[in-house]
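The form predicted on its own is given below as one chain in structure tokens.
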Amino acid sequence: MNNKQNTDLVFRQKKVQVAIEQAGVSACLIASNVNLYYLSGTIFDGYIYIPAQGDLLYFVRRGSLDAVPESQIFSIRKPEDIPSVLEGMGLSLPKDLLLEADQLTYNECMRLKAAFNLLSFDNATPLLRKLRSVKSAWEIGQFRISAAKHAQAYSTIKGAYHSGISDLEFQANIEREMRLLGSIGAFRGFGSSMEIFMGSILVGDNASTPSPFDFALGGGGIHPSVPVGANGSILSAGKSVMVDMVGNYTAYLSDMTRVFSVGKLPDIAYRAHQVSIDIQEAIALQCRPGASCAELYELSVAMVKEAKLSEYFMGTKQQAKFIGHGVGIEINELPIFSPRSRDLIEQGNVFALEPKFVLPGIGAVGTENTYLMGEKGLEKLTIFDESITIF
């Protein structure tokens, strides 16, 4: 871990401590992989104890923490060991505690509640998701690395195609190139309905297949245990091929969708595809700190209605009710661009915009890009040809 990352970790830790103190809470206990990485720069089996003031303490069952002073690391066998360590250091046990109640199991929360002899506890998850939504300079640098590698990987997509190929073989070819370029190969999402590996390929009418998972578009998948994405469809003339693979060349994910086809598509596909690009450009003009994500969503809906494409927008049989989402260590962070969102744009937000259309008999069209709300305005991070590319 380099000095810049170490400095940034301290900045993030202090940011969390300030928020804890402002919330009037004594301490927070972290156990989820995402927040362990965010606050320590690595993942381990254990906990980070974050007091409102003072040093963070690291309780480790398995794993290592090379960048943390040894005086702050304690080996434990079970979470019940934590209070006795704190008391042995002469520290008072917290009277109130934040736990990641949206990420830990009920049993884990109850066990920690009993271990600290708490009457109740508050939920740390909303607070941490809000704090993580504003990225630091170091984190933004990590996005730039992922986005550049992501574009490099997409430049190999045409070479992944051959006549008669199925979406499964096509995706495997893309995944191979992405891994060879250094993709970590993991896909992290918040919530239980976010299971997929590295991304999605949707060919033709498979794009209209509803999925129980919380993605913009579905797909039937190859097995009922993971009903999303590629389903064995053959890439054939007149069908769109939507490539939506995640770029995780660092812990910070870039999100990018591009569309390909075998031969020319019907004219409506190109018209709808251009509306997707126009929506993103219109949002970019309106997007500034303080802008309402709900109002930006409604701007996209109005443009779709004007183009007379509402019945195809964000699906047909099942239409997603969002057109964008924050990205970070997880693919679906804050802010959310949806009709009921209360999120306002902040400088330092990194998010994906993905207005898409599903056309019966053709498939999905539209682009997705990752953006940074920077000091000088909205910046597109995923730079790659956005036209429908013919194999």
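From 1 onward, residues are counted along the sequence shown. Please read these numbers as outputs of a predicted model, since none were measured by experiment.
Keep in mind that the form predicted in complex with another copy of the chain is missing from the display, and what follows is about it.
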| query | finding |
| --- | --- |
| Partner-proximal stretch of 303-311, 67-75, 105-113, 82-90 relative to another copy of the chain in the predicted bound form, 4.5 angstroms, heavy atom | 105-113 |
| Non-hydrogen atom contact residue 237 with another copy of the chain in the predicted bound form at 4.5 angstroms | no |
| Close approach of residue 213 to another copy of the chain in the predicted bound form, 4.5 Å, heavy atom | yes |
| Proximity of residue 197 to another copy of the chain in the predicted bound form, heavy atoms at 4.5 Å | yes |
| Residue contact check: residue 344 to another copy of the chain in the predicted bound form, 4.5 Å heavy atom | no |
| Contact test, all of 123, 222 and 226, partner another copy of the chain in the predicted bound form, heavy atom 4.5 Å | yes |
| Interface residue in the predicted bound form among 184, 118, 140, 131, criterion: non-hydrogen atom within 4.5 angstroms of another copy of the chain | 184 |
| Partner-contacting position among 169, 96, 278, 295 - heavy atom within 4.5 Å of another copy of the chain in the predicted bound form | 169 |
| Partner contacts for 43-67, taking another copy of the chain in the predicted bound form and a 4.5 Å heavy atom cut-off | 43, 44, 45, 62, 63 |
